[in-house]
Each structure stands twice: as structure tokens, then as C-alpha cells.
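Coming up, as C-alpha cells: structure 1 and structure 2, two forms of one and the same protein chain.
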Structure 1
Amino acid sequence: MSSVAVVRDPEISAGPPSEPTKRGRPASPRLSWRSLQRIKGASFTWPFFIGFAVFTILPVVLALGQSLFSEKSSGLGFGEAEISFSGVDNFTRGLTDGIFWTSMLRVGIYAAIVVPVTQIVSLALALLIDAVTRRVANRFRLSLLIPYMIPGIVATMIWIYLYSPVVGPFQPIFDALGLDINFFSGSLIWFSIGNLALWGNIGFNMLILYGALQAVPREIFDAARVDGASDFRIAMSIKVPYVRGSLVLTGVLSIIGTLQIFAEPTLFRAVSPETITKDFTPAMVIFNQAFQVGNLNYAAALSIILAAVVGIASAIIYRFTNKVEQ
């Protein structure tokens, strides 16, 4: 008698787990077809979580560990430095560091002006693009998104050239009009950096707000027009309330990015060192402590404090906007 090979269908074998038999034998441990599909779908998120753990969670844990130690040189500075456990001494020093908190206040005032202006301009552009035909909107949407696609270092160098009183294209116009304007002076340096931030962030915020506007049911607009509402009334009473969640999202992202500003003032320092000091922003203070002073432990503690301030500010704004919406 010849043997017959039994081939099992994988979908049939992956069916729902069998119920316990009447004889009391345990159910089969095999997964159901639906559970296998869920596991396959969840596997697409594993690369993100691996990258998030390696490049976000792990650096935070390492910085937290570094901040609990201090490095001291013995004697006259010769020989190897001694690393000892210092507890929360670095955090205590950071919480009472006047230079660090002065830079934090400086950037906080800058964020209080730049972020609302960015939000207002982005919302206005999104409403204008939403009001035109889709074909025209696609052209403007792409052109407004180009500044966001340019790396921050490159964008800063472009604007330093435009601001330059020696080779910049604006200076001959100012000379012809008899205006004495220097974008690198102490009174205009924040305006110069803010204009650069506005130029680079408007496209991204506008794109998110425009996408949210596309989700608003068009029947509401038709009903409002039948009732005699103007386009401005429709925009303020219907469109803006619908995109409030997206406004909160872009606002929180803008605050996070603004409080950590580093590349722009660092490059502006090369052309205006008398205005922008090495401790101009919190990120510059941390960079100075880590790579110029050489105190990595204290720099790690300042990084944790800055992250806590950014998180608290984001949570307060998110909570406040949710209360207003309710």
C-alpha cells in the first residue's frame, strides 16, 4: 500500500482555536486567521518603534544617567579626571543658573510673538487657497511648501546673504530711499530671525490646515450661502472652528521647535557676534557647556531641564486650548 502525503491549507490550519473537547483536553494553541492578520499589520509599525526607542528614548536615558555624575580634575589638572556620583547637584545648579534662564526668557518672548504670527499667516493662506479652485490651489500649495523643504542651515545662509549690508540686494534700495536699516543690529536681530522662521514654517502649517479644511463637509457651506452668509462669515464661523484641532497641533509643534532654536542664531552669530552671544538661546548654552567648556554632565542636566520646560509648555497650551474648545 503506497503512502499518501497530506498537505494542509495554511488558512485552514490557522483557523480559530478549537474549543475544549468534551473529554477535557486543552484547546489548540494555534492562532486564528484574524489574529495572524493583526500581528502582520502591527509589524509595519515595528521599524518606527525601534527607531523611536534607539534615537529618542535611549538618548534621554543616557542623558539622564550622565546628569547624575560629575567630572572633576584632581590637583593642578594633570592626570585623569575623576567621575563621581553627584545626585541632583547638576539639576540644582541648572535651576539656579541665571545665564540659562535669561536665555530661556529671551526665547520665550520670541516664541510668544513668532508662534501666533505664524499661526495667523498660515491660517489666512490656507483659507485663501481653500477658496480657489483645486488646480490653482495645487500650484500655490507646492510653491508655499518649498521653503519648508530647504534645510535650515541653507535657508539661514540664504537670508544672511539677503540681509547683508555689504552684498545684500536690499541695501541699495535702502540707500536710495535714505533709510538706515541694518538687519544685524541689536534692535532688528530678532526680527531677522523671526522673519526667517516665518518663511520656513508657514508652508508646513498651511499644508496641515489646508488638509483639515478639505475634510469640512461642503454641504454646510452651501447651506450657509443659502442663508445669506458671506465668504468671510463662512470662514470665521464654520471653517476656523472645524480646524481648531489642527491649529492646536501646529501651535504645539511650533512652540517645541521655537524653544529649541539653535541653527539660526548660531549662524547669525558669525556676522553679528556683538549682538548674539554664545549663550543667546538655551540650546546654545547647552552646546557651549558640552563642547566648549567640556562639562557634558552639566549639559545633560540642562538638556533634561529644557525638555521638561518644553513638555510643560506644550501640555499647558494643549490643556488650555481643549478647555476653550469645550
Structure 2
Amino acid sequence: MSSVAVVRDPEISAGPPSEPTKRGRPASPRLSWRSLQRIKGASFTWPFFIGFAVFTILPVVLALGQSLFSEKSSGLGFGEAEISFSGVDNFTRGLTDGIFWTSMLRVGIYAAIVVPVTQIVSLALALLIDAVTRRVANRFRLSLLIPYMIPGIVATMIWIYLYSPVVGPFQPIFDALGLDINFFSGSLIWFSIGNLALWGNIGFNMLILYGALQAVPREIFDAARVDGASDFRIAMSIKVPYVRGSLVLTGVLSIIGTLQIFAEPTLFRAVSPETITKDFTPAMVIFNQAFQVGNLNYAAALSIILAAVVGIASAIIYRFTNKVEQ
């Protein structure tokens, strides 16, 4: 336990800090006691910042460094590869890489559809929950949160089996209706993944939005009702504007998550490699470059480009939604 006390790193956070007790001035005992207390206070944060520097800042710096080099392997094996400084070559290659940007566009369109749909559906659900008494709400809430409690990988597997023409329960229904629906086909695969994302996310988003709805002062509703507003009108004109902040938050979080989508398509690829190629999403391109092609430098450059795109996308959404609000 005493590790908290022992670890010291002067260059992070505190610096050789808080000793503004100029050496010349006779340091009053009270002042030095204060500054010692400050150092001790800062030292609580050192374990975190040391780890943060090693496992977050250092990798980012490493990624930047790696992306500026290229590895030219002579021959086939990994043997004696020649590493040379290549400047921004990896970035120019990445910025003009058709496969990478195709996957980015694919995921971008997917996010542009799935994120708003998830938001609207979650909002609808939160409004429904908000419209009943607390007791009824509690009864429904737990079952609505079950998808949130199921691990993402397991959820993906469940839906893969549900979609499956062999094991899934939908196939007999389609057969009976004479429909030929293959959830793994190229035209439906994004719908299939989108439905999975929707299923996994509405419960959690609903919880956040419901929390925000609970904070709306209830007198406003009574006032609106006296003025003759219907329940629907109250929901649209009072409740929705009130939760816009939470909508932005969950929206930005979903976009950040969606652009990096990796696990779900990778699992779908295990059952349907024809439609889900190895370069289906940007994260899959990066994984493939790093561990199948073995070009870690290029993969690092692509990681940075992806991070930049995610950052820009979040910033744009944030600005845009903030403007609408004003």
C-alpha cells in the first residue's frame, strides 16, 4: 500500500514544485509545512501519472516516431530488415491508400446511419420509461438493461447464430413466407451489424437519457398541461430539448466507438469471410497491416490518421450540435 508514498517522479505534474519559499527569506515553519503538505498531496497523483506517461503518452510518442520510419526487408523473412527514416512517406501513402479510405467511407456511412438511429430509438425508449410511474419503470428497466450486461463478444455471437440460416430461429419463418433473406449477404451485412449495435446500446443510452429526464423540473409539465399541451407535445417540446446535452454526449461517444469498430466485423468474418473482407473497417486494415503484412510502421501511421479522423469527426459534431442549441 505504501507504494503511493514511495513513488516519486519530479518531472510529472508537480515538478520540483511548491517551494516558493525563497531560500533567502527565513522560511516560516508554517509555510514549509504547507508546501510539504502540497507535495504530499501531489504525490497521491504520481502513481497514476507515471503509469499514464508509460502506457498512454509513451505509446503515442512511439507511434509518431515509428510512423516516420520505413522497414525495407531484403528477401522474404523478417531477418535483417533495414530501417530507414522516410519522413512523411507513410502518411502520404496512408492518405492516398484506396483500401484504407474505402473502409473509412464504409464505416463513416455506417456510423452516420447507426448512431442517429440508436440515439432516436434510445430517446424514444427513455421517453416511454419516463411516461410511466417509477414503480413500473423499475420493473422494465432491468430487462431493458440485459443487453448492456451481456459482453459484446457474446452478444455478437448470439446474433451471428440468430442470423444463421442453419441454427437461427428466423429461417423457418422466412421459409414459410417464401422469403430469401441472408443476413450475411453483402447488401444486408451492415443492417445485421447495425441491429447488433442498436441492441447492445439502447439500454445504456436510455439509462443516461432517463437520468437527464429525471432532472427536468416537474412543475413545467403541469404548467404545459394547464396550457393544453398533449403528452406527445410535452415530450417533443420540453423533454427533448432538455436532454440535448446528454444526446450530444452519447452521440459523440458512439461515433468515437463506431469509427473504430473492430470486434464485431472480425467475428462476422469468422462465419462469412466472403462478404467481410480483411480490410472491412479501418481498424481491421490497421490490424492486417501490422500482423499479417508485418508493416508496423505503416500501421502506426494509419493509427494516427484514424485517430485524427475520429478527433475531427467528434469536434465537428460537437461544434455543430452546440450551434444548433444556441
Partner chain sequence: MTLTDVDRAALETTDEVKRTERGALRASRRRQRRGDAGDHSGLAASRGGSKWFVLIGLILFTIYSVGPAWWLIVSATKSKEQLYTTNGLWFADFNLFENLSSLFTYQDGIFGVWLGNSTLYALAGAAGQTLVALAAGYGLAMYQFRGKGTSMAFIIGSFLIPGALLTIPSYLLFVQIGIYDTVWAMILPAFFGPFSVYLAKVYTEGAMPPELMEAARIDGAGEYRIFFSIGLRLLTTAGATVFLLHFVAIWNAFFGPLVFLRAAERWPVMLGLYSWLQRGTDSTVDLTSLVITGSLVATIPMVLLMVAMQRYWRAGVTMGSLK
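Residue numbering: structure 1 sequence, from 1. The structure presented is a predicted model; accordingly, all values stated were derived computationally and were not measured. Note that the rigid core is defined as the largest set of C-alphas that superpose within 1.5 Å between two forms.
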Given structures 1 and 2, which represents the form predicted on its own?
1
Superposed on the rigid core, does the Cα of Lys278 end up 2 angstroms or more away between the two structures?
no
Relative rigid-part rotation, degrees, compared between the two structures
13
Displacement in Å of the C-alpha of Thr56 between the two structures, rigid core kept as reference:
3.5
Once the two forms are fitted on their rigid core, how many angstrom does the CA of Phe44 move between the two structures?
7.9
